[in-house]
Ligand code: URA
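Next comes just one chain, in structure tokens: the form predicted alone.
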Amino acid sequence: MQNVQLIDHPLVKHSLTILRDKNTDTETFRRHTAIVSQIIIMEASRSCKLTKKQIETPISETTGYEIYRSMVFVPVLRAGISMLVHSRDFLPWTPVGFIGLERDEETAIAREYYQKFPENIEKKLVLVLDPMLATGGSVSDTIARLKEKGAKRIALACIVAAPEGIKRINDAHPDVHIYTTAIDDHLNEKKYIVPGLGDFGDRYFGT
């Protein structure tokens, strides 16, 4: 596996355990999704440039820094919305792009039914949000469409990843860096991540 950063932090391990527990209620699940999502964003934003800024403290003038606003969030619908909510709480100035893809069950070809992106996407880091990287099919299709739209710097943020999904992204998009808090064992016959945490969207949205 290449271009994968496994985020190892005590807070992540604690929250991830709660997310995995089948007895965790929806409210608690959402709260710990927020914690894990924001820690991932902290790591992914390390590549953002800083610009110097002169400010005044209550005591004196000093030089501070602010992040150059060069990132775009693109959630993979539907589950990616769960990470978007908390990521924008952390970086509220970050614009959001949307791409809706629907896979044809017979041809396995993804059809785009919606897309909307901010301007100058080719000049920004596009961070794709998807909490579960299972087979990698939807994410790979999303990355391919983003490249067609002109995106040149793309990274993927996910909470849990399967080796199969990582390999698919590595093979199809070796230039894409993956940030994740867990690399699980494998996919089962139903393409669920093992041990995983079930259907993320259903658990987050209470459906």
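Residue numbers here begin at 1 and follow the sequence given. Note that the coordinates shown come from a computational prediction; the quantities given were computed from them, not determined experimentally.
Heads up, the form predicted in complex with the ligand isn't pictured, but that's what we're talking about next.
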**Message:** Would you classify L19 as touching the ligand in the model of the complex, given a 4.5 Å non-hydrogen atom cut-off?
**Reply:** no
**Prompt:** Closest heavy atom of M132 to the ligand in the model of the complex, within 4.5 Å or not?
**Reply:** yes
**Request:** Considering only heavy atoms, tell me if K191 and the ligand come within 4.5 Å of each other in the model of the complex.
**Result:** yes
